[in-house]
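Just the one chain here, laid out as structure tokens, in the form predicted alone.
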């Protein structure tokens, strides 16, 4: 087979497109915050120090939710250091990334920035070096109207109305030996239960995320989730998943097929959570918060011990190529196809650190290649996600066996059909889409993120080398839509239905 065929029918769907699928992540790591989203004195910064160029790009990217302040950073973080007058905030050692943290940017600055980008907060609490009391206090500061110690302190800091933060992560990667204050599954499960109970006493409307495994390859994957959820199942709404996909840690075909691993992880976490529900006799069904995911050459990182004590150092500033953009597109497609159980997803991180947006201190900001599949999907995935019946050629991989060269998802929003497709192969892929179950399609457009050189990158000197471009040749013939997908490419096909 040298072509692919898709069949779409509105009677078969995954579920609605969840707004929180298009989340991002801002951690106090490297230059994500300082000289990333926040740079007082920059020509494009306001009096609040927030870079307007990064705000504009974040809005263009379509980010709907942002996880903060970590990540590993949160497990040694005292949130009180980041509120109140900046001149009175202490400078601390961040043990996660061996950085000098000035705390010039904290919760209040983050929430101001969020209003500018029109996104929802996903707040993490420190359950590493701190615990129940500190988590409870932070909810009071952020969400209680007033008349108490912590809510009145927020008001004193110039924020009269509660922030009303709904989604909270109960720590971060607590299974990891690298985590400051890491826990066993039983220790963390009990702590998560008690923290959740106390936080809900302050604000019953919270949505809480328990820490799942830090990755699928860690030996305790699956057993960690099972033990943790047996302790806290009834107190939480989500279980987290994290994963990074390495372009240099294996073969090229393995990298291009990375979404297969994401799918296996999602299905494994769901199966474990549902097993615990059955064991507890609960009719409640948890969702997955895939709140750290991206492409990262992790095998090249020397670890935290290789870093020197610095403020906002240049670390893990990955430059992404066209192949990386195709993989990011396939990961977004996987999240869409599991949106019935994946309720939150956050690409890590937003600026500079393994990020779609790059900046230079005092200089420009630009879009990396991976910016484009995210922005196109966030802008055009609307309404309902259809179940796509697909047949496609297979390609061999060492890690996953035979994998389809095509990854695809489709959404239907009233009179708009959007098909998202990644060609993982090294040859053009003809695609035929059977539209017999849909109204008549017109006004077809085909946009692709591709390049003759799949190693092409966007840089400060050439920031627009790789951009979405119109692809020719797509057409509609009756109830058949045909197109040709370039090699190693992310594609968006859109049509109006009448």
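Please read these numbers as outputs of a predicted model, since none were measured by experiment. Numbering follows the first chain given and starts at 1.
One more form of this protein should be noted, the form predicted in complex with ligand AHR, which is absent from this view; the next part is about it.
Practice item. Identify whether ligand AHR in the model of the complex is within 4.5 Å of every residue in the set 80, 112 and 163, based on non-hydrogen atoms. Key: Per the other structure, none of 80, 112 and 163 touch ligand AHR.
Point to revise | Residue (of 72, 151, 265, 99) lying close to ligand AHR in the model of the complex, criterion heavy atoms within 4.5 Å | key: Looking at the other structure, the residue within range turns out to be 72.
Exercise for review: Only one of 168, 238, 296, 290 comes within 4.5 Å of ligand AHR in the model of the complex by heavy atoms, so just point that one out.
Suggested key: Looking at 168, 238, 296, 290 one by one, just 296 meets the 4.5 Å heavy-atom criterion.
**Study point:** Close approach of residue 144 to ligand AHR in the model of the complex, 4.5 Å, heavy atom
**Key:** It does not: once ligand AHR is placed as it appears in the model of the complex, residue 144 has no heavy atom within 4.5 Å of it.
Practice item. Find out whether any non-hydrogen atom of residue 25 is located within 4.5 angstroms of ligand AHR in the model of the complex, and reply yes or no. Key: Yes, residue 25 sits close enough to ligand AHR in the model of the complex that at least one of its heavy atoms falls within 4.5 Å.
Check your understanding: Is the gap between residue 330 and ligand AHR in the model of the complex 4.5 Å or less for some heavy atom pair?
Key -> No, no contact at 4.5 Å.
Review point. Is there a heavy atom of residue 349 no more than 4.5 Å from a heavy atom of ligand AHR in the model of the complex?
Key: Looking in the model of the complex, residue contacts with ligand AHR include residue 349, since a heavy atom lies within 4.5 Å.
**Study point:** Location of ligand AHR contact in the model of the complex, chosen stretch of 188-196, 121-129, 397-405, 172-180 [non-hydrogen atom, 4.5 Å]
**Key:** Flagged stretch: 172-180.
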